[in-house]
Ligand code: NDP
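Below you'll find only one chain, the form predicted on its own, shown as structure tokens.
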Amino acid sequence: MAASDHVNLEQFMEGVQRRNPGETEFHQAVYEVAVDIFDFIADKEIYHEAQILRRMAEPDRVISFRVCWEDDNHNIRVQRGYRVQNNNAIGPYKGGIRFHKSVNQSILKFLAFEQTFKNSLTGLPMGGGKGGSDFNPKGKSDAEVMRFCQSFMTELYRHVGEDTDVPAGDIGVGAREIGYMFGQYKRITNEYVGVLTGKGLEYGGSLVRTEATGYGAVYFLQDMLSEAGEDMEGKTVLVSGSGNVATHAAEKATQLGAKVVTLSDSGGFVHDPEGFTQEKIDWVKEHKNKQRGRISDYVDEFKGATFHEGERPWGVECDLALPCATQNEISKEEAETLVKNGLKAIAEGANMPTVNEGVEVFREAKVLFGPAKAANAGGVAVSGLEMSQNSARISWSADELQKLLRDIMEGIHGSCLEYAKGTDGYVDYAKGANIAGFKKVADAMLAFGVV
């Protein structure tokens, strides 16, 4: 990057921080994109004149609202709900709803900003959005979750629609929560339309949606390795998380001949040096997703495994890594440890799981790095396919959807490659994803004029 471009980047980020004080996650997400985009647009005055990147970093709207609900003890509870509609230049806003105690405006703005580029990379007509609440469904009864979801949708329904904004699930929002919200939307509007994705198969959901994010991350990892003349056979893999994304990433990696040796949750991680077989992965799916148990219980079921309380798995030696838990779960120091221990490639299954300094560690070490906006786009890709099925009143088979998912991930890899190859032979997928995702949205914005 030229010195003058670096000054421009600093000035740009100063403006972002000034306009969005205290929103550190949002600052991080914008910087991670801007550092590559300023290089790309250095000789393209039209993007500067139209202030495209600044406009992308200013959401179209941020909606905040009160959500009142009654718990089982008849106490009135008050939460805060949000919907961030970041950019709809290439299609209706599309992005998940997250229910977690950590949810705030900064996190949702980062996720909506990131979603804009991710959705662009899929090749499907979807803009970027995100929403959620600081409501924590853990420990709540089904009745309490239902009452909260109904109250949440009673406000949200005004701001969403099949051609306006189509939310999906995210952390804390699974099939149960989607069902309650869709039921309330239908009750209020008297419309049966595809306003939410991640629905149950009985009422408009899509096959393969549950597997899509985890499978997609492994497909992207597989494509990166293939481009480098490698494959996954016999490789040792670290996976973080133990929800849908993590377990399906572990499943697909195992199917491709790799040995997955870790899974985790907020309490710590399990290390199974013999590797997670399909039987073991199925046990984790049942225990975590249906029984809502803890990953620490794994060691009681399968001998030879160890549980490491309060730790993350990144100190275990490996060839490949699939962070599938949450944002900023790989620090700079942990990235350095991974590199020291022989890491060859990493694909992000979660949203922004590596801090910016950690990403630089991977890039400087020439580790193949698949950023979240590319590697975990499989989930929103199948959500987009669910939208198509709902609009056409049809449903595709699992085999058809598996092929479409594989084709979309291969297309994302190809789009990243177009801008990722450096003069030293290193394929910088982070740079490629940022530029490819930016260009499509930016050119659409130019076509619309100043709006």
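Owing to the predicted nature of the structure, the values given are computational and were not obtained by experimental measurement. All residue numbers refer to positions in the sequence shown, first residue = 1.
What comes next is about the form predicted together with the ligand, which does not appear here.
Listed stretches are 347-355, 274-282, 331-339, 253-261; the contact stretch with the ligand in the predicted complex is 347-355, by a heavy atom cutoff of 4.5 Å. The three residues K118, D170 and R294 all sit with a heavy atom within 4.5 Å of the ligand in the predicted complex.
In summary, among the residues D165, E144, D319, D265, the only one with a non-hydrogen atom within 4.5 Å of the ligand in the predicted complex is D265. Think of it this way: in the predicted complex, the ligand has a heavy atom of just one of T122, N87, S133, S242 within 4.5 Å, and the residue is S242.
Interface membership of H74, defined by any non-hydrogen atom within 4.5 Å of the ligand in the predicted complex, is ruled out. Mapping the unseen interface onto this chain, C324 counts among the residues with a heavy atom inside 4.5 Å of the ligand in the predicted complex. Remark: T213 counts among the residues lining the ligand in the predicted complex, judged by a heavy atom distance of 4.5 Å or less. Using a 4.5 angstroms threshold between heavy atoms, K290 stays clear of the ligand in the predicted complex.
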